[in-house]
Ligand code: HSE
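First comes one chain, alone, set out as structure tokens in the form predicted on its own.
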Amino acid sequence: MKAAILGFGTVGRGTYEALRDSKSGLTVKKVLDIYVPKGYEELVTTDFNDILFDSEITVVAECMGGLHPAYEYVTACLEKGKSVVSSNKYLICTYYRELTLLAERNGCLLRYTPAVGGGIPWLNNLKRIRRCDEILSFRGIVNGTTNYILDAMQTRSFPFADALRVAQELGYAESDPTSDLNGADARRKCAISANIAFDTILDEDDIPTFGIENITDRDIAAFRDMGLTARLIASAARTPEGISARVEPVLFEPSALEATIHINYNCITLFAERTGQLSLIGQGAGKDPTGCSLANDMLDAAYDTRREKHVFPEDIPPTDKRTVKERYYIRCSDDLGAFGFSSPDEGIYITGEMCLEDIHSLHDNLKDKSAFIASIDKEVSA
């Protein structure tokens, strides 16, 4: 069987090498890229039509990233009846429902396992458990860039700028790390996971998000004084009022599982009615883990004749921003004493329990736009 890859960057090469070195019988016939590397002249094309109209190619891996032209290429392939796999969480999050139904209408498969967790088979297990169990909630570290930065600042006393620079040098962070630092990347992964876990259509804009772009050495020192460790966490839960989802830094006791996850690793935990608690830990990004995961998706699409049927609910569960409440750490120059928050140090405040709606309203009204906010894990004593 023949396959193609769109994009020959880090993930594209990792996918190609994983299939090349396997004994799967699935051969990469063409790779699309704007640049033809030396030695790959017979493999790489700059013309998408060489892939779209090749009837031998039945599976296409999208490794381009971004929305356009990835969206146009993926929809064209699905309309031609070619199964598509992707590691592009931005694409899948934005067009989840449309692409899923397009694949079903044309009798092909859409797979996107590496879009959340990189090399971790998180989405596969989420789908598998969801078939016979009710998923109550999930939470975890889903962004390796921010985990590396927080870990380096807390365990090696790196300043933020140095931690980011080293992460970029090691290939853990992009040259433009904005979507990692402000939480957008984790927010998209949270939306994709919630859509599968809770049979919903959750828009990423419905997920309240705090990133780590404003974290400072003073925050790290405060966490040490409190005996706590910070991690950027994506979480979602089913509540009687709807789906409560969030992305925010969380402060954990050192014994908590999330606090023990170092460098660029990911750790995602689900809680289900019958299955109970299940945690998956591993490389959340990188050429080989992500490439291998995408290659496995290609093999599923090439050889698995089973076709999933999605029946999206007409009544989408509402987004619940008031039921789940947490205590928060706030570092800012605004005087918040009038709110009754405790202040262990000048400019640092610990709140009582607050819902998502209230903490984000408070944040939006702060004069200090460099403020840093993190929730405090419920296992941390008051």
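All of these numbers come straight from a predicted model, not from anything done at the bench. All residue numbers refer to positions in the sequence shown, first residue = 1.
Form predicted in complex with the ligand: not shown, discussed below.
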*Three residues, 144, 189 and 284; all within 4.5 Å of the ligand in the model of the complex via heavy atoms?*
yes
*asked:* If we define contact as a non-hydrogen atom of the residue within 4.5 angstroms of the partner, is residue 104 a contact of the ligand in the model of the complex?
replied: no
*Any non-hydrogen atom of residue 199 within 4.5 angstroms of the ligand in the model of the complex*: no
*Answer yes if any heavy atom of residue 173 is within 4.5 Å of a heavy atom of the ligand in the model of the complex; otherwise answer no.*
yes
*With the partner left out of view, is residue 180 within 4.5 angstroms of the ligand in the model of the complex by any non-hydrogen atom?*
yes
*asked:* I need to confirm a contact call. Of 111, 89, 246, 231, which residue comes within 4.5 Å of the ligand in the model of the complex, counting heavy atoms only?
replied: 89
_Segment that reaches the ligand in the model of the complex - one of 165 to 173, 69 to 77, 213 to 221, 132 to 140, heavy atoms within 4.5 Å_ = 165 to 173
